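In the form predicted alone, a lone chain appears below as structure tokens.
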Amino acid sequence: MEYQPKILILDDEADWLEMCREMLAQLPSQPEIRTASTGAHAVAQLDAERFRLLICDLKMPRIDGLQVLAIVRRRFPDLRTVVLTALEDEEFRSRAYALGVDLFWLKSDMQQNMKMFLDCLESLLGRDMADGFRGIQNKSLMDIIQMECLSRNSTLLRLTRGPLVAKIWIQDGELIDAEVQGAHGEAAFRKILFWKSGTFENLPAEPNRERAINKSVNALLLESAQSMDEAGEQQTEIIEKTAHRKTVWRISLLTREGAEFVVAIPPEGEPEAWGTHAVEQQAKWTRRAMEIARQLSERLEAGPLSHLAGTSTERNVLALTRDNKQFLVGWPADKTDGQLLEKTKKLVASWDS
């Protein structure tokens, strides 16, 4: 029987608990949701049952959120933890991350960016994460930056790795500045890219940040890949370097062709995606749609299935099969020329080269 994840929400406001319960019911994994109004009650529930995720407020009577998190870190080391609070204080944020929380969200930010918040929770409910950046489906830092830039987002990425803190400013999909360990601009960005794991969060954009990076994100990613090669890393990291170069190549290909995202779905195993974080949902839809179309084609004796195409006000999508692997490619809504199928075939043909 498939394990149904459980979420425990800790907050002393009854109305807020009910609102969170209704909101989390939208999660695709359909977790079982429990609530607690006191720290003692929360710890008692954690002792009695297995939970996957704890969402914790900070300001509460008797046992506050930080005390609960300290207990959780000691007694339930595998429990994923998210702070959801109204306290806008950098000291609380730092103390929470020092206790090993996965994410720190302000309640006001959560209400304004509910989809992103739910995506983050869904990823934390998912597979185990030994490496990568915790927050969105165990993505690498390169994946995260690529997703923000391709989506033309404006944000401040705050990254933590143990005691180290780094920041990357993105405005309208372009890199503006980076900062880590006293370094700024391109030098800092290159240092940050060598991080292999950590935690990240999206903070509000700072549009008045002075620009210190003028190169494109793809140019910097390619330069970083070359630097990794020249550094002469040990044999044990050859596989990682190969995957790194492949990621750089695919980012460049995606950007050059003008596509929004690509989801590659093998016959077995987990799908891969670039430019989107709704991987599982899109892969499931593609498999189902292609199978229905194949069955219909057989009944109508219409010959082998070539591809599927769909159009909405937001984008165009095409699905096709190549080398026993299914692909779903998203294109901007304004790309409606007759060459879209050929462009998709060209992109897919080059994907694994």
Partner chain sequence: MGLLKKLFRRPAAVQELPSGSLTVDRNGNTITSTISSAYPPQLLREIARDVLRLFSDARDAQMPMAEISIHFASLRITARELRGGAIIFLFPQTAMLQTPT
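Every value quoted in this text rests on a predicted model; they were computed, and no experiment measured them. Numbering follows the first chain given and starts at 1.
Here the subject shifts to the form predicted together with the partner chain, a form of this protein not shown in this document.
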query: Complete contact of Leu84, Gly100 and Leu106 with the partner chain in the predicted bound form (any heavy atom, 4.5 Å); finding: no
query: Partner-contacting position among Leu320, Val43, Ile33, Cys56 - heavy atom within 4.5 Å of the partner chain in the predicted bound form; finding: Val43
query: Partner-facing stretch of 164-172, 180-188, 207-215, 84-92, counted where any non-hydrogen atom is within 4.5 angstroms of the partner chain in the predicted bound form; finding: 84-92
query: Contact label in the predicted bound form: Gln67 to the partner chain, heavy atom within 4.5 Å; finding: yes
query: Partner contact for Ile63 in the predicted bound form: the partner chain, 4.5 angstroms, heavy atom; finding: yes
query: Contact flag, Thr160 vs the partner chain in the predicted bound form, heavy atom cut 4.5 Å; finding: no
query: The partner chain contact at Gln282 in the predicted bound form, heavy atom, 4.5 Å; finding: yes
query: Stretch 292-318 - residues with a heavy atom within 4.5 Å of the partner chain in the predicted bound form; finding: Ile292, Ala293, Leu296, Ser297, Arg299, Leu300, Glu301, Ala302, Gly303, Pro304, Leu305, Ser306, His307, Leu308, Ala309, Gly310, Thr311, Ser312, Val317
